[in-house]
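Listed next as structure tokens is one chain, alone, in the form predicted alone.
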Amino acid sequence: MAASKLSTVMTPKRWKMVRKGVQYVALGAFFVLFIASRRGGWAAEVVNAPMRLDPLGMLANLLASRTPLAGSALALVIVLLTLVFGRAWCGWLCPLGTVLDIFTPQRKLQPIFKEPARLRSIKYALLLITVIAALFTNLTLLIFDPLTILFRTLTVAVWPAIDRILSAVETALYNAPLLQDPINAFDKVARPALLPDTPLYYRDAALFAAFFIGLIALNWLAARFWCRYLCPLGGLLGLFSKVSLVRREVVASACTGCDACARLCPTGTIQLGKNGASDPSECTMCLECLRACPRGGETFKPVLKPAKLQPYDPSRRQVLASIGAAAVGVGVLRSETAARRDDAHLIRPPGARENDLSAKCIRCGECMRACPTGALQPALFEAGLEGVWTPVLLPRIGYCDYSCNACGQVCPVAAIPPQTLDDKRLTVIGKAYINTNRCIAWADHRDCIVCEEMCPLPEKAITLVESADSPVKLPVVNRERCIGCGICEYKCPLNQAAIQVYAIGQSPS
């Protein structure tokens, strides 16, 4: 379809408005699904749809787990879209791309980032290493997938910060009697529909926020710096775009070589001094060039031959280097001490350890968002670098709710198995141990039965026994009954809990 025909339907300015509208609707839908992914929200098949649309995440999971999932087929929608319209996902639908557009400095003429052309090959190298490492059952580099970046950042950093800010404002305003009823009314609507009933805390939230802010800050070097040079999903879609049907072409008779299109192109794929030539694998189909061209020299039409290879496209040498890098990287990660022997506090979600979580988890953070107590946290070093940002349960921050199985239901790749509530209640994730040197009842001979009271099991795993050496009843753990939910550790009144949950097969040293 030529630019003149496009303009017959709508002007270039209106095309831009349509694209922006689609972008904001897609971003809004992503936020709505994020909000609805809490426990008690919408159906899991709906809220985790964005992750199942992700071709890179689904491909890597398939290679690592060797298990085809019916839900993963949804990613073929994006593949088919790319084969027809090129990287339209990146320019029209990707929520992270839209956020980057929102925070890109507005300039009349976009300065061209002066870089070697091969800098674009970074995203292809990251893509190749990610896919090859997945063959070795390693999914660590999926932390750089754009959808997982955005969802994880919202879960761990942004949404808790919004909750704290609103809570602080409400607390300050509540002193005014006239505002108390409106604030109470707002809370009835917002909690738990939008915000948690009680504050949720995530460790190292500043780390995730800084990573995301740094990613946005790269826009000051070049618009969509992340998409141009670093995004592995963009690299995958770029390879498909080499053979896409609809591509940008230049009408030679109309082009004057003014380079207006090159200066406005947000991904810098239109080359200065090349009469508007561009690479379809780098074009996000944003249609900005339509608006830039003063003579209608831009055309988007069917092309039936593959695009020319570029210096930054993956070469045989780069593929071989990526295979070597992936093999060495996985070997190094698995040689860590943390990888050879599990951390005593590496408590996984119910059923995840037995389900080989590390070879299936795509690091999206859906389970952390769904967890109502904030017990699931992104792992740092408990599972070594190979398991970074996979879910780990930290009882001192939250506990595994006995009446909840949300994490397994919402996981888009079944890394946490979707158990029924009855089955989940029988799944052992750890064992509790009492430090008698710290316990109020044991060490100080003062009444404290919090852990026994809190144990949710029908036949309690913590019982109170009498001792001739103590005037109070003493808590004792029946580890044959204990499932390691962690509520006893969470509720222990001491700053350093006297009762702690250890991973399966681990115990206090």
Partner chain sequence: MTNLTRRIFLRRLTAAGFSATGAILLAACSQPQADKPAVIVEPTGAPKPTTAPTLPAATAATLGAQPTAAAVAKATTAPAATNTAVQTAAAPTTAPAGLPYLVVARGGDNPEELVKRTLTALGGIERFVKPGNNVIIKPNMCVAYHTYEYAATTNPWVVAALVKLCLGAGAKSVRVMDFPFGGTAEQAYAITGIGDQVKAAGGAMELMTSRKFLKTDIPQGRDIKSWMIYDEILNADVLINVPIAKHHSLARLTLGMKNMMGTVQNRESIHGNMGQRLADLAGRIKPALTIIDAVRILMANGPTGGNLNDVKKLDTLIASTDIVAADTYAAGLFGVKPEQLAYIGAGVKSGVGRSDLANMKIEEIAVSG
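Since the structure is predicted, the reported quantities are computational estimates derived from the model, not experimental observations. Residue numbers count along the first chain shown, from 1.
The form predicted together with the partner chain exists for this protein as well; it is not shown, and the discussion that follows is about that form.
- The putative spot formed by Pro68, Glu249 and Glu282 is not touched by the partner chain in the predicted complex; no residue has a non-hydrogen atom within 4.5 angstroms of it.
- In the predicted complex, no heavy atom of Arg14 sits within 4.5 Å of the partner chain.
- Although the partner is absent here, Lys308 is not a contact residue: none of its heavy atoms lies within 4.5 angstroms of the partner chain in the predicted complex.
- Not displayed here, the partner chain is kept clear of Arg203 by more than 4.5 Å at the level of heavy atoms in the predicted complex.
- In the predicted complex, at least one heavy atom of Pro456 sits within 4.5 Å of the partner chain.
- In plain terms, the part of the chain that comes close to the partner chain in the predicted complex, with a heavy atom within 4.5 Å, is 174-182 out of 71-79, 344-352, 174-182, 410-418.
- Only one of the listed residues (Leu27, Ala36, Ile449, Val476) places a non-hydrogen atom within 4.5 angstroms of the partner chain in the predicted complex, and that residue is Ile449.
- Checking Gln318, Thr104, Thr427, Thr299 against the partner chain in the predicted complex, a heavy atom within 4.5 Å turns up for just one residue: Thr104.
- Contacts between stretch 460-479 and the partner chain, counted in the predicted complex as any heavy atom lying within 4.5 Å, involve Lys460, Leu464, Lys473, listed in sequence order.
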